[in-house]
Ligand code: C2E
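One chain is shown next in structure tokens, namely the form predicted alone.
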């Protein structure tokens, strides 16, 4: 606001100077127009030169035209008579300083020899001239401290008021309409071959500046306090993880990457697990481990799941319709497993897409089975509609062995923590083979998570595990990269075997 006070004070001063320069130019233009009108009028007369009637006519024009003080008639470069009467002696025409755009020859300073008095400006046209008091050209009301200069378009000074800086005036011949130097404010006006310049020292801004500061500085203090308060409020709100997550859901900042699922015996990609990623507006990605627990606690996981489903359809619709052996696995939260809400969402989103329900697999972690009865109902309905159901991260929850036989499942996903023990002599290394045997005895497909080495893949194939996913095959990929990866494996390894087609429905 301090800057604005200065800017407004300068702007107002410059606007005032611009007005003064325009008024000065108008005054000078009207004076020249009046003089030219008198010259044109007398030039059209049929009076005998310097006759009594001719002199009377010149006298009448002088009296009736406020801009001119005297009119004269010349023959052969000598003054013969004026509006005062016949001239005695040889009086020659004065030298010409410049010519106006309409052809009037101007002598800026000359001393009247007939009437005497102060120096005058002489305007010549044909055999006549008129004398004009230079003060008429700049006869305008100005503020204390202002100065005025009237010049030709080439910078020749015609008249001034309050002794302006002549060097500054001449330097402003090509300057813009208004501006400021180190010491002065100025404004110019141009027209009819004339330049009017109004100037004022910068020191004169002080009084106007104080007035503006008295008005604007309190406003500035209030606005600054308000902005600080808003910034603090937004910072605190932005620093709240829950508030950030709510904003992300509202702005649909979630995208999906696809972790390929590979048939271990053939190496063909038969599908992928849809993994949600939070992409901030700056492009950075937030790990699911950092926001999924908060989303589940706050209830925001449901709209996030909905956005995942919509992203899968948007990303892979054509691919899923073109390859019926392909499936995409979507993770369900505990709330959706308990309520069954997600089934209606899936039915609505898949309608008119051409994607079969058999191509959308549903994965549920053991946290979702805390209400075993509700989970059984939801999973049974999902299978009735054609979805395959898998238990995710098997072996990490407390209820795995107790409730496994009661749940309507199609597949079992072996958690990475068990895959990591393959080939190692650890206390849990033998558990992996038991989990594989359990899935086979229950008639479930098995999917190994986090496969990273060829030794792990060989062990899993030897023990009859159907599918695998992990960095050995591929990291989670954006949609375009996953489509390219799937196409590459089909071209490299051939068509999907019957077991995969059966798994896809």
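Residue numbers count along the first chain shown, from 1. Note that the structure is a prediction, hence the values are computed from the model and not measured.
We do not show the form predicted together with the ligand, though everything after this point is about it.
When the ligand is considered in the predicted bound form, only one residue from 452, 69, 34, 47 comes within 4.5 Å through any heavy atom, namely 452. With the partner omitted here, the residue from 200, 263, 393, 315 that has a non-hydrogen atom within 4.5 angstroms of the ligand in the predicted bound form is 393. The stretch among 245-253, 348-356, 430-438, 287-295 whose residues place heavy atoms within 4.5 Å of the ligand in the predicted bound form is 287-295. In the predicted bound form, the ligand sits within 4.5 Å of a heavy atom belonging to residue 274. Within this chain, residue 363 lines the site of the ligand in the predicted bound form, having a heavy atom no more than 4.5 Å away. The shortest heavy atom separation between residue 416 and the ligand in the predicted bound form is within 4.5 Å. Heavy atoms of residue 146 never reach within 4.5 Å of the ligand in the predicted bound form, leaving it off the interface.
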